[in-house]
Ligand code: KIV
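Only one chain is shown below, in structure tokens, and it's the form predicted alone.
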Amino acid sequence: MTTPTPTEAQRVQIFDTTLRDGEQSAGAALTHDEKMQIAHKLADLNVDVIEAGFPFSSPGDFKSVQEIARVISTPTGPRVAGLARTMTGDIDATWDAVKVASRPRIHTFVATSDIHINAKFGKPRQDILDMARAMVAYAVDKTKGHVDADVEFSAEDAGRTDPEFLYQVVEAVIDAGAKVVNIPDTVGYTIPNEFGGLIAGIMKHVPNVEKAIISTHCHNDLGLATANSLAGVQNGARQIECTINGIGERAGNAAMEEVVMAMKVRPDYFGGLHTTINTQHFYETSVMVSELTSMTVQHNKAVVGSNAFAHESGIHQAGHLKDSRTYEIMVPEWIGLTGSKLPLGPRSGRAAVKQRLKQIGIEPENAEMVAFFEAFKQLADTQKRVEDDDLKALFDKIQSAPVS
């Protein structure tokens, strides 16, 4: 039975905001050259959109966004976006920075939840609706004459916005010319069924929704950013905004490697939803972003953590040696690794120890293996990991021991 060819309607675009929202992580500031390095790796990953920064925020950010737009964007490569508040000065600066790109995007936003509207603006909802409509129209007018420019609008704190008001905002900005409308769970408040239902409601109740791509931008305050993003695309969203390693404000954003690999590993569950990401660049990109931002990836981080393909339990090691599918749902080569790891420790079994010995050129006889494994267990109880040098020294000790 052949697998049906995925359709364009099932393709989920990946919007990377490592260089904008990711850099907003406390202590993660990047130099211009470091941003350029990451932008090149994002292009290697084949992301659909690189949000390169917030041009109005500083001269340095403007320069980086402009350079990324000039160097990275090609007619067949990533679109380059800059972020702007719904203010003419922000939008002007963003357009000046991204207009050199082959495929530029102005990404403008305003808060739509009552808690944000009251705390930050002190205005009625209608004023926010009018502002969103007017500033999207202003941004669209800026892009006229460019063959492949577009405008995205984000309803900040959409996850806590009254759905009926959100529907009005989405309809208004699409009428004003927005080609992408982003529905952020800005503070990571929603639960997957709830966020998926919000996207489903937009798809059902916004009459012109077919004229735009609906996007997700989920934060990880409750550890649900990946789950919420996937719930969003299952209910009609076709763009996910995310970052490498899930870095970002507070607890971070949806991790690109997680949302992409979930769809790759479970096409049965996601009904053909797919991306065009070159996943073999995930690991090296993860390492680069970690090093440049000084944000360490936790060992048990999904997909790219150092333990993601490591098996120490003897039962797991034995199963993995017989068939890796027993304890791995992904092939490590898919993300750019050369294979799995079977670290040796107190819980390691005879099969894994014997295999490691063979890899370093040691093949003990059966009697030697019995004595060696007993000595290995005693050593492993005294230290967290047993390395190759430890194995060699232990084997030499076993061989030189007097015969009783």
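Each residue number is its position in the shown sequence, starting from 1. Note that this is a predicted model, so its numbers are computed, not measured.
The next section is about a form of this same protein that is not shown, the form predicted in complex with the named molecule.
**Student:** Checking a candidate spot here: are 47, 73 and 103 all in contact with the named molecule in the predicted bound form (at least one heavy atom each within 4.5 Å)?
**Tutor:** Contact check failed for every one of 47, 73 and 103.
**Student:** Contact between residue 171 and the named molecule in the predicted bound form at 4.5 Å, heavy atoms?
**Tutor:** The answer is no: residue 171 has no heavy atom within 4.5 Å of the named molecule.
**Student:** Find out whether any non-hydrogen atom of residue 309 is located within 4.5 angstroms of the named molecule in the predicted bound form, and reply yes or no.
**Tutor:** Answer no; every heavy atom of residue 309 is more than 4.5 Å from the named molecule in the predicted bound form.
**Student:** Report yes if any heavy atom of residue 83 sits within 4.5 Å of a heavy atom of the named molecule in the predicted bound form; otherwise report no.
**Tutor:** Yes, residue 83 lies within 4.5 Å of the named molecule in the predicted bound form.
**Student:** At the 4.5 Å heavy atom threshold, is residue 109 in contact with the named molecule in the predicted bound form?
**Tutor:** Flag for residue 109 set to yes.
**Student:** Could you spot which one of 150, 258, 90, 156 gets a heavy atom to within 4.5 Å of the named molecule in the predicted bound form?
**Tutor:** In short, 156.
**Student:** 186, 286, 220, 235: which sits within 4.5 Å of the named molecule in the predicted bound form by any heavy atom?
**Tutor:** In short, 186.
**Student:** From the candidate stretches 160-168, 125-133, 138-146, 212-220, select the single one in contact with the named molecule in the predicted bound form, where contact means a heavy atom within 4.5 Å.
**Tutor:** Selected range: 212-220.
**Student:** Given a 4.5 Å distance limit between heavy atoms, list every residue of 12-46 close to the named molecule in the predicted bound form, or none if there are none.
**Tutor:** Result: 20, 21.
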